[in-house]
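Encoded as structure tokens, the following chain is the form predicted on its own, with no partner shown.
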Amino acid sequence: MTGTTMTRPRRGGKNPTVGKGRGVPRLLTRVAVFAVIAAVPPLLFDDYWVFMSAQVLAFAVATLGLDILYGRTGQMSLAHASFMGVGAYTTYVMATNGYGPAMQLAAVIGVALIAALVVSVPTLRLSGMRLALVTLAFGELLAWAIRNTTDLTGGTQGASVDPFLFGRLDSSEPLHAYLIALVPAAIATAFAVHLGRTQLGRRMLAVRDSELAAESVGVAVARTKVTAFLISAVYAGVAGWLYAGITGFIAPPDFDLFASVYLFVAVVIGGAGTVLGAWLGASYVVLMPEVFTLAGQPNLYPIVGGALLAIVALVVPDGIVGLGRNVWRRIRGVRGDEEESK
């Protein structure tokens, strides 16, 4: 055996380039589906629902970020809406000083990264509920700072934010707001999908499943957790930037503890660890309150949200996406059995 090299035979003798060839049509199919769905609101909805769809895009960026932190890395945060607030109020401060949307976005990303480092680095050894309590403290501290800096942030009265202007696009117009929000939402989705195929994405999953096991196989657990926190904070900051420019008004209740809990519930209900689940969660957060308001029962939304979370946790722990996958597998299994019987 000396001087020889043993190689593991490829399963089934398949050409490794075949999988790559199949990936291109699959990617094109996903892009086409995304484009078709994205074209529905401006073509079929009136201005009000186009405006609501633009908010869904903004919140989708937020839920995608929280899914990276919680769904993929297993780190619980009760301050995700607070990082949205960091982005929104940074946008407001920059806008009042005459800076345009591009400079606002750059500042938002920078401030979000700094805030995430302040929270994540001292809590490297924390996880689960202990980490959630630390993030809760950060959120409460941010809310206190906003309420007590009226000259800078508008305080408890809130603040009006100038709309985004990108050439002829004006975010005060529902259709323009939708088109503006669509670009970062698409980029955030593409990055989230790609992240799952990278070494970093696999390290995140290892940390989520077991930090001890991940560390035993050489995963830098602390670095992975901090990286996930930084990415999540940037996502939340960009979502806050979009929210401020689309709605034109921000106030402390938009980014308080309840808002963070709603985002967490949305990710769990949609299906933690999946991109589609994050999108379903964003739709839930934005549209469900409107449905109850139109039905004349706005106070039922928190009750129904809590009930749904309990049902999902007990009956469908993988969320709506997991439920859909299980149903599809059963349908395919039934079809397979019928074909074999024939």
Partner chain sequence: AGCGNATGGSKSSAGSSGSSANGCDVKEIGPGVTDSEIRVGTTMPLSGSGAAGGLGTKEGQEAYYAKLNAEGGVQGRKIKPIILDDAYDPSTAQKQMRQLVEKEEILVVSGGEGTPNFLGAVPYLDRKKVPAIAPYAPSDELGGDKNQHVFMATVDYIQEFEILTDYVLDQETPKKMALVGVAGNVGDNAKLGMEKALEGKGIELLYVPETPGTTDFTPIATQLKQFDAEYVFLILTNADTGGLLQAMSRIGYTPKTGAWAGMSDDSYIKEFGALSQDMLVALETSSLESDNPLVKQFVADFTAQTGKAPSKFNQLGWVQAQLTAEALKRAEGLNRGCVVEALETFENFETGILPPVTWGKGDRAGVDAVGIGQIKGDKLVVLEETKSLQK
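Everything quoted here is computed from the prediction, not taken from an experiment. Residue numbers count along the first chain shown, from 1.
Although not depicted, the form predicted in complex with the partner chain is the subject of the following passage.
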item	value
Listed residue that, although the partner chain is not shown, lies within 4.5 Å of it in the predicted complex (heavy atoms), from A251, M94, L179, I109	A251
Distance check, I246 to the partner chain in the predicted complex, heavy atom within 4.5 Å	yes
4.5 Å heavy atom contact, G158 to the partner chain in the predicted complex	yes
4.5 Å heavy atom contact, F45 and the partner chain in the predicted complex	no
P184, heavy atom within 4.5 angstroms of the partner chain in the predicted complex	no
